[in-house]
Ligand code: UFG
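First, one chain by itself in structure tokens, the form predicted alone.
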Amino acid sequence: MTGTILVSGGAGYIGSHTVLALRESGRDVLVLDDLSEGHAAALLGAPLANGSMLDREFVRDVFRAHRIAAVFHFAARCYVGESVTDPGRYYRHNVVGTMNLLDAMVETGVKRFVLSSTCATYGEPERMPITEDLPQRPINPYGATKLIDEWLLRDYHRAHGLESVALRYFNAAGADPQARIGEDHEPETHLIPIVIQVAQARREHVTVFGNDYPTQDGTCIRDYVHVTDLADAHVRALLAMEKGSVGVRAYNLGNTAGTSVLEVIRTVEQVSGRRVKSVMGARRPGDPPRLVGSSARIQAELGWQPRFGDIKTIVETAWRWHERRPDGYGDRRPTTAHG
């Protein structure tokens, strides 16, 4: 297919892996990113339009200057706690920014859109594993803004014929199997890289928030999906839209089984051959005991199957990346210490 795939937030963790997958499949890619969270080095030379989605004229100029065939939308604020304390920032970035992209698409006749959504749109689900037919009742502004994005896609389809696929992630994890790119957040909030940093003696310990949940070892269970598998799902979503009309679709991306916090720690110890010091802490408010998703729909409709589905493989790829690049991309901005 001719035309360029515009990837907003393509310098971020999941976005950069998807850019890599698109380029390896022979696609022309243009990344739209302001590099406030992402890393230029993660693009591996892919072209970059450096600017903000919130700059409506900048977004329109990008669409006018390039022959865009489809949009993959990753750029968003995605910290639940921050969304509670600063909801305005989330509604601006995650809703207004999305609208700027959609309006530019309408103006230039672009019809295909893949949304990076989240399982947070379900809120506190009624049953496990989570399926797409469950009610979406988010309990924080982050989940609410992503649900609004999904509503926008439905309404822009009705009004303008825009076709879309929303992919609702669970816990993205791992790194490119060749360790070319990987996870580098500042501050780091994801469990697997935090545990790896403890194994590397870059942190003193990892805190386990609660060990009295009704699970097999008392710790929370989460659904980890390899970032390369997430990227593959995006490519498959694009292929589905190119083959024929999809209307407005949404899919969960999960592994169904789930892994506990202690299992993650033990797996990192096994892969690294090093001991990981853990400290038991109190439960965090709002943490459900088990959060896993069913990916049966996308498997049936798009043929998606996780290639890196087991937690040991996920951790192995993450470990290779962090061992190769212990300082990540080496472009972290200095932070101010507070006593």
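Just so we're clear, the structure is a prediction, and the values are computed from it rather than from any experiment. Residue indices: 1-based, along the sequence shown.
Quick note: we don't show the form predicted in complex with this ligand, though the next part is all about it.
- In plain terms, the part of the chain that comes close to this ligand in the model of the complex, with a heavy atom within 4.5 Å, is 281-289 out of 29-37, 58-66, 281-289, 302-310.
- Out of the listed residues Tyr251, Tyr156, Phe74, Tyr142, Tyr142 is the one that sits within 4.5 Å of this ligand in the model of the complex by at least one heavy atom.
- In terms of contact with this ligand in the model of the complex, the residue from Val225, Ala166, Val206, Ile181 that brings a heavy atom within 4.5 Å is Val206.
- Within 4.5 Å of some heavy atom of this ligand in the model of the complex lies at least one heavy atom of Val80.
- Contact check for Ala237: every heavy atom lies farther than 4.5 Å from this ligand in the model of the complex.
- Taking the partner from the other structure, this ligand in the model of the complex has a heavy atom within 4.5 Å of a heavy atom of Leu191.
- In the model of the complex, this ligand sits within 4.5 Å of a heavy atom belonging to Thr118.
- Three-residue candidate spot Leu6, Met53 and Asn100; no residue lies within 4.5 angstroms of this ligand in the model of the complex by any non-hydrogen atom.
- Contacts between 157-182 and this ligand, taken as any heavy atom within 4.5 Å in the model of the complex, involve only Asn171.
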